[in-house]
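This document starts with one chain, in the form predicted alone, laid out as structure tokens.
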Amino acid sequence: MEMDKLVALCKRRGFLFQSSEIYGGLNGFWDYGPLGVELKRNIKDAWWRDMVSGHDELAPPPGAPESYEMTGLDCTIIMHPQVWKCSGHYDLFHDTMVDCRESKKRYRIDQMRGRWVAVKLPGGESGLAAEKAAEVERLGRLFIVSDAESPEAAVEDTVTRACQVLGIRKKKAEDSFTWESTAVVGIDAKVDRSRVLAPHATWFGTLTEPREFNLMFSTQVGAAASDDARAFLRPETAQGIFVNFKNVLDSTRVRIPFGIAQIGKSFRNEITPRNFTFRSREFEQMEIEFFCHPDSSFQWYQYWRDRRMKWYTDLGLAGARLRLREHHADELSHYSTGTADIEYAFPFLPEGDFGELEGIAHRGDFDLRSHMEGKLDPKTRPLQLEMGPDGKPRHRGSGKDLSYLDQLTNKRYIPHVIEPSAGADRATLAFLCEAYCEDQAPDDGGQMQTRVVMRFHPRIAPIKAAILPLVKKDGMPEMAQELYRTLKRHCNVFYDEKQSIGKRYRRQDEAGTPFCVTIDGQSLQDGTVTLRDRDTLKQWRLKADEALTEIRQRVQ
């Protein structure tokens, strides 16, 4: 599937629009259209239903060590600044960026990829001035950054750009360059920037000194703009759950093990948002913080890892494009003893690459202990307090007791946390990519033509059924409208009587509607309607008053 086809469909049919498009758009922000908002809401509803409201608290689900409880929260986007100091976001939540002094563009240095090359300037072949030729000879090794998306295109792009900048004819490239690698590689902040040719630059050494860039959006609380009034838009929803841990314990009387779920907006000031909605500055998360006894925490980690993977496969993300990948030891966060990513092979990624859909992390007791005691050193674990100008600790914790007393054993401990954290926007994008399909189907005249169809699982499809009178006369619209009003009270259905029935089928196929209900002349005689399946194109007749039951059963 070509990504540009999906992007065009999303705009044409009202799944996704660029934010503030009439003013040129705002990079990293996206608006969900009429179909997109229904799709995303259905995904969030399915997640909440399957993880929280539909959870059976009386019996352990398959694979769970024991039964457990689930509850929910909806926390504020702006929280006390001390939350982010104790969580580590204030000090550690940053990327390393560089600017190009020539092109005025900004880059995350860990995303700059290209190839190292040694140059042998041929006599008389290069149009370089003597001082530039001398500089190339002095630098020796040069790094050519590519702006191409795929690895194959990036390799070719590095050759093209090197020839352009150094004034070498393309056919002489083999004689002029010695490439150190046949594949593109990355660089880091320690690289000699004088050797780097940045994207869109015309010479080497245009990058600025690398600097850390905190990804949190800052704002002011109250009328007075001062450091004391500074606050942040949350970069994740998890911390709201941790700081409310004691409130949930006291108000609901839940017992460990239990989980707290939340769906909400988060904000990260990404340096280079990219790949449609995959990396945005405003996004929505679906997170669970699952609290359990330290002795059973690894079993719970395995359980949530497998359960979350099954949720995606049950909704249609299956096959080679979905995988569960366990992190290597050098990838783990300092507080984690285990992390697994559920990943999807998005079409905009290079062949063989996967993008993260959801992370399942074993966070230990890091978060609750940090909010109790203050910022913790990730290596030695003792309390580390920075002193402010007023002589008071800058990174002090709340001082509240966030431990748990087991009433059955009378033992107190700090629970361990398992965190399944999913992106609602990334999940929506993955389901869009997986659903897009082109196949052959007969038109009104019976001729086979290519159709675009979005094969959403019926549970998440934006529209569950379309009600279509065959013609706009002979009482068919009246019967169709009556059926539409009956179904509309129970699920999202769509009424359409414009153009031929074949064109209406095509429109619903593009919208991902799993079922079409057609009212024709026979319907007026015997009260039956035709039900059409989007994927198989199979059609069958049933009583009109059975349509709701039939659709409900097939949606589930």
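From 1 onward, residues are counted along the sequence shown. Note that this is a predicted model, so its numbers are computed, not measured.
Separately, the form predicted together with ligand ATP exists; it is not shown, and the next lines address it.
Participant: Out of the stretches listed (274-282, 195-203, 68-76, 397-405), which one is close to ligand ATP in the predicted bound form, meaning heavy atoms within 4.5 Å?
Facilitator: Contact-bearing stretch, as computed: 274-282.
Participant: Which listed residue (Glu149, Glu373, Asp365, Glu356) meets the criterion of a heavy atom within 4.5 Å of ligand ATP in the predicted bound form?
Facilitator: Partner contact (heavy atom, 4.5 Å) among the options: Glu356.
Participant: Give me the residue from Gly240, Pro415, Gly423, Pro462 that has a heavy atom within 4.5 Å of ligand ATP in the predicted bound form.
Facilitator: For this set of options, the contacting one is Gly423.
Participant: Is Glu270 part of the interface with ligand ATP in the predicted bound form - any heavy atom within 4.5 Å?
Facilitator: Close contact exists here: in the predicted bound form, Glu270 approaches ligand ATP to within 4.5 Å, heavy atoms only.
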